[in-house]
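One chain comes next, on its own, written as structure tokens: the form predicted alone.
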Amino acid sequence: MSGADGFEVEFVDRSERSARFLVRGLTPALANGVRRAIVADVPTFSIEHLRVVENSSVMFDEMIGLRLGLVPLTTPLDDFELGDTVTIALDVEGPATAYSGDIQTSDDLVRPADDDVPIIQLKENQRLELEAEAVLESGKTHAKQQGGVAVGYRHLQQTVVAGDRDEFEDDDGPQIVRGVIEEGAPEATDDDVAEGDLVLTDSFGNDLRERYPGKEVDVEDIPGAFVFHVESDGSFSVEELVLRAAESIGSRAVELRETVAV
């Protein structure tokens, strides 16, 4: 997939909550800007402003509040604006474990992304009843508002076979690479791959000596090509998280251009 500005984007692998994708045409500064936008610019709902009705458990109200704040909530950004709030309620009596799935919300669009996050175990005659507000804010405000729980990138690397390894040379051990490589020496492998194909390093145990037995292999960074690994907390899909981050970068660039032009 190519963008209007000359960027080429290719998904390497993805699921509902995680993805690895390749972007060509980026500078290191812009690659880091994409990472920061995914982490800090895309707002999510998070629970705060706790109002405890009853807490006869062994855990302080503040600790309950911290745990609730870390429960990911689905965030339909098209239906809400920054600063909007949704009321949530929790009422569980022991003996039982209070889970995120026990949380009730005033809007069905905003609900726990997972139902099995444990909050507290209540014993006989213990009860936890509370109300709170979930607020839509960005990750700049607090880390609990960050929808991207694991976001990173690295240069795409290409393999280059330098020659045959000397059979009498001391074995230096495994030659480890991580993530994704671009195949640069298909003739040196037994795989059905072509030059330029993307290969997950997990497929050969991350050890180049397993992929290219008996070969001396060099690994080179490909300029302007970066592989991103993004995981969402479930507030929204990983695709929406990335697209919203790209929109944020674009809107800030337009704002800067308009400001400079005045």
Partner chain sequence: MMVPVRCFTCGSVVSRHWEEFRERTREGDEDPGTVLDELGVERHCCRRMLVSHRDLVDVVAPYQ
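Residue numbers count along the first chain shown, from 1. All figures in this text were calculated on a predicted structure; none of them were measured in a lab.
This next part talks about the form predicted in complex with its partner chain, which is not shown.
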Please pick out the stretch from 63-71, 190-198, 213-221, 24-32 that is in contact with its partner chain in the predicted complex, where contact means heavy atoms within 4.5 Å. 63-71
Please identify the residue among L130, V117, A185, V92 with any heavy atom within 4.5 Å of its partner chain in the predicted complex. V117
Quick one: in the predicted complex, does every one of R17, Q126 and A150 get a heavy atom within 4.5 Å of its partner chain? yes
Answer with yes or no whether E48 is in contact with its partner chain in the predicted complex, where contact means some heavy atom within 4.5 Å. no
V58 near its partner chain in the predicted complex, any heavy atom under 4.5 Å? yes
Even though the partner isn't displayed, in the predicted complex is T87 close enough to its partner chain, meaning a heavy atom within 4.5 Å? no
Report whether the minimum heavy atom distance between S106 and its partner chain in the predicted complex is within 4.5 Å. no
